[in-house]
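Presented below, as structure tokens, is a lone chain in the form predicted alone.
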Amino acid sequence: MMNNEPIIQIKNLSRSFGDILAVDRVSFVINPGEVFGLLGPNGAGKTTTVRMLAALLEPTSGEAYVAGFQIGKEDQKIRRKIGLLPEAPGLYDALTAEQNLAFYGAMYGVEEISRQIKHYLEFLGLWNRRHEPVATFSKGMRQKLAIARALLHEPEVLFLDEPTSGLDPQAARLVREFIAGLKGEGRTIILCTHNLEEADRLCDRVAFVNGHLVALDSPKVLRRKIFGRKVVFHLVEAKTEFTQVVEPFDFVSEVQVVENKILASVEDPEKNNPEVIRALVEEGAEIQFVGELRRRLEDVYLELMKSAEGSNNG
């Protein structure tokens, strides 16, 4: 479904459990072929949102459309369009890996099921273990098998809830590479994770939620919105008077010297850096190299959650 229409549309979606409001009037759209991250603390409503979009949980109010079908009204059609990797894989321990996939494939009416099983088990490194009962599998192997199960029917939309949780670094890397490969195929992926480095690496856009929607944009844009852009000028010797050269520019703010570095918030580094460099060199500065201070997505997360808690307390 590669077109200009959003593949997921959410309008004022809410879900309550008794007196507890888990998801509060969330609205956003997800585009075809996008890797979209849902980020937030435990209890923020991420899994509840996914369960509603996967037609497993009815919303209390609001509406949402997945692949053109409305949740609550066309749930069966939605389930055929999506794949879901829940946080707990829920596999049948007594069955082999191949039998698990064959069972789910039959439920979805997958054509050429044997070919599909072989394709995904080979890719995920489980083909040689296909005849072994899942009870003998490690957590990482179970996770990879659950991913294969979610993809057997070639869904348009894939929901992944903590896909690398508890995996060793090698297995986690394989899963991340697999997700990147699926993105390359144009698959739409909704990723719930506490691994912010993973989200930063994989996601086109991220939504920070804490019951309600706190912020939504690409990691790059969110970093710039919250922290601006800070350039680091590495010098042989950073003299205090060099700050007086940098400060007068109207596109510069927050200039400081740290060891042999000058740190400056620059409005548009690509455009403005050459002018600053020329001024420093004319003043006698010996510049070794120039870089940009890169904030982690974790910094963005902490800043947004702090602001959200402040607003709630206010």
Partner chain sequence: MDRIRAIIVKEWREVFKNKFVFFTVAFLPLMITALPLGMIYFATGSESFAGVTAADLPPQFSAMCGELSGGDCMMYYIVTQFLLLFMMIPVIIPMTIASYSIVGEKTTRTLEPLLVTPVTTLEILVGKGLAGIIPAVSATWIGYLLYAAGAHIMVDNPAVVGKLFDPLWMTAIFVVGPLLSVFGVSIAVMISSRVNDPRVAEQISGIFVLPVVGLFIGQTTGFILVNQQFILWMAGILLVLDSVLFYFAIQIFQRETILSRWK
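Numbering follows the first chain given and starts at 1. Here the structure is a predicted model, which means the values were calculated and not measured.
A second form of this protein, the form predicted together with the partner chain, is not displayed here; the remarks below concern that form.
In the model of the complex, the partner chain stays beyond 4.5 Å of every heavy atom belonging to F178. In the model of the complex, the partner chain sits beyond 4.5 Å of every heavy atom of K144. Contact annotation for I226: none of its heavy atoms lies within 4.5 Å of the partner chain in the model of the complex. In the model of the complex, the partner chain stays beyond 4.5 Å of every heavy atom belonging to V221. Shown alone, this chain has one stretch from 229 to 237, 86 to 94, 111 to 119, 180 to 188 that lies within 4.5 Å of the partner chain in the model of the complex by heavy atoms: 86 to 94. Just one of K73, R201, R173, R80 comes within 4.5 Å of the partner chain in the model of the complex, counting any heavy atom, and that one is R80.
Note on the partner interface in the model of the complex: the residue among I287, A279, V29, L56 having a heavy atom within 4.5 angstroms of the partner chain is L56. Within 4.5 angstroms of the partner chain in the model of the complex, the stretch 12 to 27 places a non-hydrogen atom from each of R15, F17, taken in sequence order.
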